[in-house]
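Take a look at this single chain in C-alpha cells; it is the form predicted on its own.
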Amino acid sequence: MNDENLKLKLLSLPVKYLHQFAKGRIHRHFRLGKRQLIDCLLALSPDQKKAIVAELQQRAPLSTKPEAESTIAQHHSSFYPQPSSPHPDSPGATSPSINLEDLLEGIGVPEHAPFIPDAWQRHAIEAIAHSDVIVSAPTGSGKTFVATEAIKQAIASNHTVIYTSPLKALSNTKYMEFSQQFGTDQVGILTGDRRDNAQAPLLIMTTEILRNILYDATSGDPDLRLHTLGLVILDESQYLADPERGVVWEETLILCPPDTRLLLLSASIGNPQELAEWLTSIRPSTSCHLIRHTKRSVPLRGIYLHPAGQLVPLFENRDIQQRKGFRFHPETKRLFKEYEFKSLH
C-alpha cells in the first residue's frame, strides 16, 4: 500500500485508532490532532508503516487497490456525522442526561450554619492525644480542622508543634492562615529563603527543613526545640511515594522522637492501612490510628468548554465519583465529533 492509499485509510478511522498506532512510535502522540497524527505516521520508516498496514489488515481486510474518494467520504462520514445528525451511540433517547442548569445547581456561597464536626473528625482529634494518626480523606472534607484542634491541644500542654508541607508556597499560605488564627507571636516559619519567629510554639516549614533538624540531632547537635516537640503534622503525606522526594518523608518519620505524636494528612494515599502498619513497626512504643473517610464534602463535576464558547456537561452524571464508570454527555460527544470533522476540512 503506497502512502496515498495509507493516508486515505487513516483519514477514514477515528482518532482513537490513530493514537493506538502512534503509541510507542511517536513521542507525546496524545497531544496531536488527527491531521498531525497522520502526517507523523506517514513520516515513519517503511518498516514501521508496513507494521501499521499489517495492524490495519488485522482489524479489517483491506484492498490494495486505490479507493475512490466517494467511498472514503462515505466511510468517513459514518465515523464523523454532520453536526445536525445525532450521534448513533447517543443514549439520549433511552437514558436521560443532566443539563447545564442541573450541573451548576448548588454552586455559590452556602447558607450560614453552625459548624458541627463530623464523627470521623472527632475520632481523629481524640486519637491524636494518645497515638499517631493518619487521616485519609478527600480534598475539602475538613482535614485542616483536625490539624487545628490537635495544635490547640499540644500548645495548651506547653508543647512545640511543627507543621510541614512539601512546597514553600503552601508553607507560606499555612503561615498566614495560622497567624490569623493563633496570633503572629505564636507562629513562625522556616523555609529555604524565609526565617521568621523561629522560636514560636507553632513552626511551619518544609519537610526537608525538619529532616535536616533531625539529622543534626542525631549527629550530636540537638535543637532545643526538639526537647518540647509534642506534635509533628505532615501535610500532603502521599509524598512518601514520590520517587525523588519520598525518602525525605521516610527519614523524617524514622528520626522523629518516639514520644512525639505524628499526624499525617492526605487526600490520595493509596495504601493507608499498610502505612499505618509500617509506622507501628518502626515506632513500637506508639500505636498508629488510621482515620479513613471517603465521602466528598465538596463534589467534583465536569464541564466541557467548546472552542466556540459553548459550555456543556462533560459526563451524563452530575457528580464524579472515584473509581466509578462514566459516559460522556450526548451533547459533548456530538461536539467532539463536530470539532474532529471540521478539522479535516
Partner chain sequence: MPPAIHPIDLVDILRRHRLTPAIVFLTSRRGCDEAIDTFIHSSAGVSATHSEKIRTFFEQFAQNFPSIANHPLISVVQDYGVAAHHAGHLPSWKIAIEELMRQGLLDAVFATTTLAAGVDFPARTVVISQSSVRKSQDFMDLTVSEIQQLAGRGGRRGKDFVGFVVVTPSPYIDLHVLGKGLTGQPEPINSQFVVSYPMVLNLLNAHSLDQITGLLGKSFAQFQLNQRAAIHQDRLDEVHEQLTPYGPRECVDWVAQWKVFDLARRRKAHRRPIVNTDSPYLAACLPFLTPGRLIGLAKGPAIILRHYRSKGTGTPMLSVLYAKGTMGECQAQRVVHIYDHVYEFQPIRNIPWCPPSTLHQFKAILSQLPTRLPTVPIFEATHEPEDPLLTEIVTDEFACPTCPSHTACKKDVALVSRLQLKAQQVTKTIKALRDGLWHQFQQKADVLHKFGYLTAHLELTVEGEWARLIRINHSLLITELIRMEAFSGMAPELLAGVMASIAHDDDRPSSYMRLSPGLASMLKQVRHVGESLSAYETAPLLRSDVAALAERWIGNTELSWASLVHSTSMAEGDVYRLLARTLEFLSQIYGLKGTHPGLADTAYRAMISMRREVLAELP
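The term rigid core refers to the maximal set of C-alpha atoms that superpose within 1.5 Å between the two forms. Positions refer to the first chain, counted from 1. Keep in mind that this is a model prediction, so the values were computed, not measured.
One more form of this protein exists, namely the form predicted in complex with the partner chain; it is left out here, but the text below deals with it.
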Check Tyr17, Gln20 and Tyr163: does every one of them have a heavy atom within 4.5 Å of the partner chain in the predicted bound form?
no
Interface residue in the predicted bound form among Ser179, Thr207, Gln238, Thr260, criterion: non-hydrogen atom within 4.5 angstroms of the partner chain:
Gln238
Taking heavy atoms only, is Asp185 within 4.5 angstroms of the partner chain in the predicted bound form?
no
If you check in the predicted bound form, is Gly325 within 4.5 Å of the partner chain, heavy atoms only?
yes
Proximity of Ile320 to the partner chain in the predicted bound form, heavy atoms at 4.5 Å:
yes
Taking any heavy atom pair closer than or equal to 4.5 Å as contact, tell me whether Asn158 reaches the partner chain in the predicted bound form.
no
Among 126-134, 260-268, 146-154, 225-233, the stretch whose residues bring a heavy atom within 4.5 Å of the partner chain in the predicted bound form is 260-268
Suppose contact means any heavy atom within 4.5 Å; which members of 108-132 contact the partner chain in the predicted bound form?
Gly108, Val109, Pro110, Phe115, Ile116, Asp118, Gln121
Core-superposed comparison between the shown form and the other one, Gln310 Cα displacement 2 Å or beyond
yes
If we fit on the core, is the Cα of Arg301 displaced 2 Å or more between the shown form and the other one?
yes
